[in-house]
Each structure stands twice: as C-alpha cells, then as structure tokens.
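A lone chain, given as structure tokens: the form predicted alone.
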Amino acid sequence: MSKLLSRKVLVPTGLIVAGLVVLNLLPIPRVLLPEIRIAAEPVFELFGFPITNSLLAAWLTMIVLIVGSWAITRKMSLVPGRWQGFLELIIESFYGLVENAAGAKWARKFFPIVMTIFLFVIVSNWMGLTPLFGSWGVLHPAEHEGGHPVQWLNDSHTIGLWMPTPTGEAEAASHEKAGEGYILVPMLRAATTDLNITLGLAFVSVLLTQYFGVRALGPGYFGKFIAVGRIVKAFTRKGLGCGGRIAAFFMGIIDLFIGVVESISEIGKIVSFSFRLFGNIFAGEVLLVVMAFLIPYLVSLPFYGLEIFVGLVQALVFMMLTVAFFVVAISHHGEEEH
C-alpha cells in the first residue's frame, strides 16, 4: 500500500519537475512583467473626459450581459429545451436562496437587484481572466527606468510588439541612452479591480438598503440613527417620577450613542464591501501575473482555476451580504416600552 501511494505521489511530482526543466531549457520567450498599478489607467479621451481601461471593461461587461440576456430570452418556450432548462434551474436556485432569507413577499423585490449585481460581478471577474484583458493596449514612453523596447510593425509607429529588455550590458546601456523604453497600458482591465467601481456598487447596495428600510418601516426607520425618543419621553411622559426620568434620560443617552454607531456602521458597509471585492480580485490578478512571469505557461493553470473559484465566491458573497442588509433594514426594531 505504501509503495502504491509513493508511486502515486512521486510519479506526478517527477513529471512536473521534468516539465519545468524542459521549459527552462527550451528557447521559449519569457512572459513580460507589466507595471502593477492600483489605480486604473486612462487609455484615451472622449469629449475631453479620460476613459480608463476599467471603465471600458465595465461597459464591455454590460454589453455582454445585455446581449446575452437578449439571446437567451428571445426564443423562450413553455416547454424548455436543454439550455433554457439549465438556466431556469440556476435562476430558481438563486431565487430560492433569496426567498429563504427574505421571504416570498420581499424576494420578488430584492431578487432582480441582487441577481443583477451578482451577474455583473461574476462576469467582470471571469472576463478579467481571459487573454483579451492585460495582453494588449496603449504603449507609452517610460518616464523612468524599467521600460521595454518595442518592435514596430508599421512605419508610422502606431502598432508594435512589446519586447523583453536586452540582457547584455552593452545592449541595455544603448537601449537606455536611446530612450526606447516603453510601458504597456492594458486596454482592458477587470472592472472589479478598480476601487471606484467597487465603491459605486457598494454605495448602490447601501443606498437601496435605506430605501427598502423606509419603504417597510416608514420614516420611523431613521429612528435607529437619530434615537432621541427616550430623551424626549424622559421629560414628557407622565407618571415616571424623578428616578424614572433620570433612568429614562440616561437610557436615551445610550440610545443616542447607539444611533451614532449605527450611522458609522452604514459607512463601514461601503468600505468593507468595496475593499473586500477590490482586494481579492486585484490580488488574484497580481498573483497570476507574477506566477506567469516566474514560471511561465503551465504552472499558472492551477492558479487560473483558483481565481475562477474566487471570482464566483466574491460575487456570491457580495450578493448574499446585500440580501442580508436588506433583510435587516426591513426588520422591525423592538420598541423601548416593551
């Protein structure tokens, strides 16, 4: 048994090591390590406004969702075919999750919003893993050291290939003197790797939380933020007595403090939402880039599988947390007299 187990472990390990050795011996071109920037890069201007690569990716994601929705629903039938049945199964499963959390009444109102957020996030995350993202873009002259030479493909120097930096000292010195270093600004970058977009999604989620809270509880919903009810009753309610009024007053001060904490927590939701999504997806893309640079091609494949799973989990977490916030907002808060 131990010999069989050792073979199962040693043989795949030996094959992987042999593959890595072969890859290093073969004259395979190295993967270039692009500049890693947290902020999205402008790629062109439209009517004087800079258009960033993440904004282009967000537009592309919306186009994919709109065209995909149209293509899927244009031939719907009462007797679903194979693909329609598969998609209906997925939608019903997600609707069941929302209905279990929010109930049948509110699930109809919550589901279109949270499912749209889920689809936008997951499509954006998975599209960012395709070769369409990060592999082509606009070449800018490098302002500092670290640029790469370019092999121009036309006489007007508008289309070129980003090449590795010369390895020889003489070639590198002549390259630096000639000022031929360029950096590549990707034309497309996953929308969820831009903090502005994740902040926008988080802001919409929290804003809709307040909307559903007011819709369910009326103006009294804001009582949890501006909790002055006990302080007012400490001076206006009859039959409390001196000790009762003092106790009610101090309980009102506690409620007021809790209201401040509730207000801060709403802002905290925006921060936690946006940074969680941004941090996980951006870190995943950096991991893929670095692994492809250190050990090109085959070794990066397991990490792609990991990032596909992470993209799904992050979209699902964003969706279900939004549902949870909606449910908390529509829940009735206990009255102090009870």
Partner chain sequence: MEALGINLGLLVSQIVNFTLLALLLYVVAYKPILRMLDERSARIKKGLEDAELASRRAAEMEQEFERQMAEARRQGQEIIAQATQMSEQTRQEILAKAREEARAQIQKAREEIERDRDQAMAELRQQVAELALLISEKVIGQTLDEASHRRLIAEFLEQTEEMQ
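Predicted, not measured: the structure shown is a model, and the values here were computed from it. Positions refer to the first chain, counted from 1.
Below, we refer to the form predicted in complex with the partner chain, which is not included among the displayed structures.
Using a 4.5 Å heavy atom cutoff, none of Trp126, Gln210 and Val327 lies near the partner chain in the predicted bound form. Residue Ile117 is the only one of Leu184, Leu217, Val150, Ile117 with a heavy atom lying within 4.5 Å of the partner chain in the predicted bound form. Checked against the partner chain in the predicted bound form, the candidates Gly160, Gly268, Gly200, Gly103 yield a single residue with a heavy atom inside 4.5 Å, and that residue is Gly200.
The partner chain in the predicted bound form comes within 4.5 Å of no heavy atom belonging to Asn280. Contact annotation for Pro141: none of its heavy atoms lies within 4.5 Å of the partner chain in the predicted bound form.
Taking the partner from the other structure, the partner chain in the predicted bound form has a heavy atom within 4.5 Å of a heavy atom of Glu88. The closest heavy atom approach of Glu92 to the partner chain in the predicted bound form falls within 4.5 Å.
Taking the partner chain as it sits in the predicted bound form, the stretch 103 to 118 comes within 4.5 angstroms of it through a non-hydrogen atom at Arg108, Phe111, Pro112, Ile113, Met115, Thr116, Ile117.
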